[in-house]
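The chain that follows stands alone, in the form predicted alone, written as structure tokens.
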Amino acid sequence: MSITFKNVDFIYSPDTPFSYHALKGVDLDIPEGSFTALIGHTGSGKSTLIQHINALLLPSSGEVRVDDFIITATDKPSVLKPLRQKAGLVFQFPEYQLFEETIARDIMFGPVNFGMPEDEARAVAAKTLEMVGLNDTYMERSPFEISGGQKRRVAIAGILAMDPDILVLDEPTAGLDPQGAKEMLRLFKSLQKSGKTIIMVSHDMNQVLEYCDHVVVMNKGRIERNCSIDELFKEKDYLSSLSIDLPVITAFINDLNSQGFHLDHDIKDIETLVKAIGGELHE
């Protein structure tokens, strides 16, 4: 499912003293079936941009096209339900998405709202809860009496239960321990391999390197880069100008190469790096 922004501007509180120009002339194509990272410093417009994908925000000017849906300043799609079923958004703060008395009811809300029978929706809720690493003992618990990391898992399960073609994730591993973060990212990667388009806002360049294949860099409301992961992480000075750290592996490769090694900059994991170092040492 294609996603295209054409000359999109967005202004919060226009014509008031609190007016803020969050998006400025955004032209963007997000590849279908990609795992795209959206990066940039706080306030660069990332969260504003992703909320246009399912019309939670309407552009002040310009056009957003998601498959056959067209979103402009004056025109929402006549029927939003199909769009929001196709493009699921997980907010940065999961408590914004949790409101039912039980976790089961929270996860079932979307499917039932889209016409799924309750018994089928309950089965889907149990399945998606297991997908995010929580067992069925959580089904009848209150979503407000669990940890922040568990709330994030429940919020993700609620979106997965609608089986969207596009999964939009705003800092999805915040609040998760390292192992939990790795499990969730592997789940997202498997969903991409099944044909879904994944868009992830992230500040963690190690995650971006390991799991994503495409990257969009935002700065002051504009798109500055729209390229492959490999291309971006070769631009050390550019990233430094944005106060974005290189992934640990990439920085380590740069250090080794400055000392006479000839390691491939496209290496993304420790095992491959160790083999490459071993191969040079034995030459």
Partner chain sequence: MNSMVFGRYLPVDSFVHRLDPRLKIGALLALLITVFFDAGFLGYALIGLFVVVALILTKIPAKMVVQAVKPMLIMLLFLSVFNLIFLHTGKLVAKVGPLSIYSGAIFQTIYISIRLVLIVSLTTILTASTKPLDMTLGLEHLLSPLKVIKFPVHEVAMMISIALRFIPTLVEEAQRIMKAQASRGVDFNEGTFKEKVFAIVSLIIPLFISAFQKADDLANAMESRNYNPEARRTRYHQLHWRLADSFVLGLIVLLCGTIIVMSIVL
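Bear in mind that the values here come from a model prediction, so they are computed numbers and not experimental data. Take the two forms, find the largest set of C-alpha atoms that superpose within 1.5 Å, and that set is the rigid core. Positions refer to the first chain, counted from 1.
Missing here is the form predicted together with the partner chain; even so, the following discussion is about that form.
Using a 4.5 angstroms limit between non-hydrogen atoms, L98 touches the partner chain in the model of the complex. At least one heavy atom of D15 is located within 4.5 Å of the partner chain in the model of the complex. Shown alone here, L57 lies within 4.5 Å of the partner chain in the model of the complex, counting heavy atoms only. Among heavy atoms of N257, none comes within 4.5 Å of the partner chain in the model of the complex. With the partner removed from view, the residue among N113, N206, T72, T102 that has a non-hydrogen atom within 4.5 Å of the partner chain in the model of the complex turns out to be N113. No residue in the set F5, V26 and V66 has a non-hydrogen atom no more than 4.5 Å from the partner chain in the model of the complex. The stretch from 176-184, 209-217, 104-112, 124-132 that comes within 4.5 Å of the partner chain in the model of the complex, counting heavy atoms only, is 104-112.
Relative to the superposed core, A181 shifts its CA atom by less than 2 Å between the shown form and the other one. Relative to the shown form, the CA atoms of Y96 and H52 are pushed 3 Å or more farther apart in the model of the complex. Note on L187 and E95: their C-alpha atoms are nearer in the model of the complex, a change of at least 3 Å from this conformation.
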